[in-house]
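Next up: a single chain in structure tokens, the form predicted on its own.
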């Protein structure tokens, strides 16, 4: 016997679907241009928004670098988290635990809105990497791709860095490591040198010789920044493979509102989605069984959705409502305008 709710299902589906005209307009959008201007908006906001007096707090799930003293409109959550974890162990087991939990809760509230779309659309470091890729394309230089074995190995590095980012501050608080290590990930993060420099603050472009620990950390920071710039020129989204924020995002991604969904029955395995994927995620093309197709390296940039020619095979949803999906008409329109891989 059918439940009385069965007859209500179509009405609920209609409520969770955008009007057809709006859907057609969104699905046919010049996606690359839309994403470009959206990245510009967030880049200006997160690098220069502080000059307007804007304050978004200290728990942002993206690299609004805390070392960008005047330009930041808020602070990347990784910086205060590391400082909090470096408190004395006794304090961590007492009042400080409430501070950490409240900060994590605010971070999560920010994060669940966009999921890893924070990486694909908002992150200033991600935008800088995309600009470097554009420069390489204009110069006619070829980019490299990892072998599958290398890809699988690299995928673990960000989790190792995330673990060290937690363990080292805890060790500082327990007295095992020197406070000279500071916020260890932030000291080696390319954002510490790049983002303040883009805001014309050059204070971080130095090696700190005040102690052995600071010499080591600032030297490592200079090395990783060099690797970031060189690596991003030869490999799309080079640093995203190593980013502990990306790993942190994925661990919290299950309840997020913004999701990437695949209908495997509509997939023909043409491989267009894999071709445009900056992170070389094979499952986006090969997995036809799992509708929750977002992998840990995925940045939810939605380039795969824009490149897919199959109606409804890939879609982005927000709180269960489809906001952007693959269509044959949209695919043809974007191909005629020239979709950048």
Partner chain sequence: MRSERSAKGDRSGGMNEANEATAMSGMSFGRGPTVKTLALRMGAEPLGAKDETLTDSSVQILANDGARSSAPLVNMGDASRAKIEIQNYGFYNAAVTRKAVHGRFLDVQIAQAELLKGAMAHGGHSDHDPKLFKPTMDDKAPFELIREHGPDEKLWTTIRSGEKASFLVRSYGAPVAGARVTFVSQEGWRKVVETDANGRAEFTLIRDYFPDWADFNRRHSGVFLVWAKKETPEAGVYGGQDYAATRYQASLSGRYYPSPADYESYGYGVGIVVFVTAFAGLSIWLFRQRRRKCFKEIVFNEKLA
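Numbering follows the first chain given and starts at 1. All values derive from a computational prediction rather than experimental measurement.
The following text describes the form predicted together with the partner chain, which does not appear among the structures shown.
Just one of 174, 167, 113, 229 comes within 4.5 Å of the partner chain in the predicted complex, counting any heavy atom, and that one is 229. Shown alone here, residue 58 lies within 4.5 Å of the partner chain in the predicted complex, counting heavy atoms only. Contact annotation for residue 193: at least one heavy atom lies within 4.5 Å of the partner chain in the predicted complex. The closest non-hydrogen atom of residue 70 lies within 4.5 Å of the partner chain in the predicted complex. Looking at residue 79, you'd find a heavy atom of it within 4.5 angstroms of the partner chain in the predicted complex. Using a 4.5 Å cut-off to the partner chain in the predicted complex, each of 203, 211 and 225 places a heavy atom inside that distance. Note on the interface: of 253-261, 230-238, 156-164, 116-124, the segment with non-hydrogen atoms within 4.5 angstroms of the partner chain in the predicted complex is 230-238. For the stretch 123-159, the set of residues having any non-hydrogen atom within 4.5 angstroms of the partner chain in the predicted complex comprises 142, 143, 144, in sequence order.
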